[in-house]
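What follows is one chain in structure tokens, specifically the form predicted on its own.
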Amino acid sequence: MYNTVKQLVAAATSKPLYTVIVEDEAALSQRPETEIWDEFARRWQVMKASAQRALAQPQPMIGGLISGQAARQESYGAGLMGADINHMMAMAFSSSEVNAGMGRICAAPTAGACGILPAVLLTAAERLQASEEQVLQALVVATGIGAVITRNATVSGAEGGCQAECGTAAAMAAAGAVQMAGGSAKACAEACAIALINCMGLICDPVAGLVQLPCSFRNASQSVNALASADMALAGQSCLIPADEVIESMYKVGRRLPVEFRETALGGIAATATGKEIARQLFG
């Protein structure tokens, strides 16, 4: 059993990182590896569907704060960052809309951060012309990173702020993208660390207490963070601070955030005059 990123990387010296993670899951759950791979395949189908559902059809939701974001971004075209990145952000918005509309999503690691991993892996797969098998291998690596963060820190916005939700999702997605691109286990760890330090201290401040605003924007922006972090790691950049120490720091920072900045809707943009007015109009 692995408990740290360091242990994961060390175990991957003689076998692929995804094999280490699947073997560990098989031992823990007492299930055959084929069953575990099948489960990943099913979850990937849910992720793909949520990332595409709102691209053309805005999703209905309570408040409607983010309804139509995905379609709006998708119709924007290439923009300043290019068509691929714009489409990735649209897919992240799509999953966020589906979640806000009580549709079917795959929490990765949470519902509020569900758009990041599918958007990044779909974008990387398109760029790399990756096979379904390679995508599932990347998904496994992402979940392995998520498991370590869950064991040693938190993925709850109420406990650690948005850095724990969207930040963890970005770290997972970055590591998965590196795996898909053929990067080493060490590079996966570097991508995880870089993605986390890029959003260290990010607060959770949902307007009106709804998982809509600013959550959807952070799904889109942290997708960009994840892909950028993957490219940095693949280029040979080193975070210098080991991933496990970055995870520990993220947890400590999150626990020290004032309660107003941990999913209470009492601080940040939720506490602005407009944020309060939105809440009043929706709920009185």
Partner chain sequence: MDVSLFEVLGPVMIGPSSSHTAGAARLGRAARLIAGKPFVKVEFGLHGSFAKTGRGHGTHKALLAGALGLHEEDERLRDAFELAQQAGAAYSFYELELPDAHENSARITFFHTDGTLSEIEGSSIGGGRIRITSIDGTAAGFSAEAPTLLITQRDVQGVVSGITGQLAAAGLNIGVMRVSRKGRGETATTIIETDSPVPSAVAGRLRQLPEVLSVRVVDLNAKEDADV
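Since the structure is predicted, the reported quantities are computational estimates derived from the model, not experimental observations. Positions refer to the first chain, counted from 1.
Another form exists, predicted together with the partner chain; not displayed. Remarks below refer to it.
>> For the interface check, one of 68 to 76, 81 to 89, 142 to 150, 191 to 199 should have non-hydrogen atoms within 4.5 Å of the partner chain in the predicted complex; which one?
In response: Every other range fails; the passing one is 142 to 150.
>> Whether Y2, G101 and L117 jointly form a contact site for the partner chain in the predicted complex is the question; each needs a heavy atom within 4.5 Å.
In response: Yes, because Y2, G101 and L117 each have a heavy atom that approaches the partner chain to within 4.5 Å in the predicted complex.
> Would R43 show up as a contact with the partner chain in the predicted complex if we use heavy atoms at 4.5 Å?
Replying inline: Taking the distances in the predicted complex, the answer for R43 is yes, it comes within 4.5 Å of the partner chain.
> Closest heavy atom of M47 to the partner chain in the predicted complex, within 4.5 Å or not?
Replying inline: M47: yes, in contact with the partner chain in the predicted complex.
> Can you check whether A108 is within 4.5 Å of the partner chain in the predicted complex, heavy atom basis?
Replying inline: Yes - in the predicted complex, heavy atoms of A108 and the partner chain come within 4.5 Å of each other.
> Is there a non-hydrogen atom of I36 within 4.5 angstroms of a non-hydrogen atom of the partner chain in the predicted complex?
Replying inline: Yes.
> Taking the partner chain in the predicted complex as the reference, which of I203, A185, A124, V211 has a non-hydrogen atom within 4.5 Å?
Replying inline: Flagged contact: V211.
> Of the options L28, L240, V259, A56, which one has a non-hydrogen atom that comes within 4.5 Å of the partner chain in the predicted complex?
Replying inline: The residue in contact is L28.
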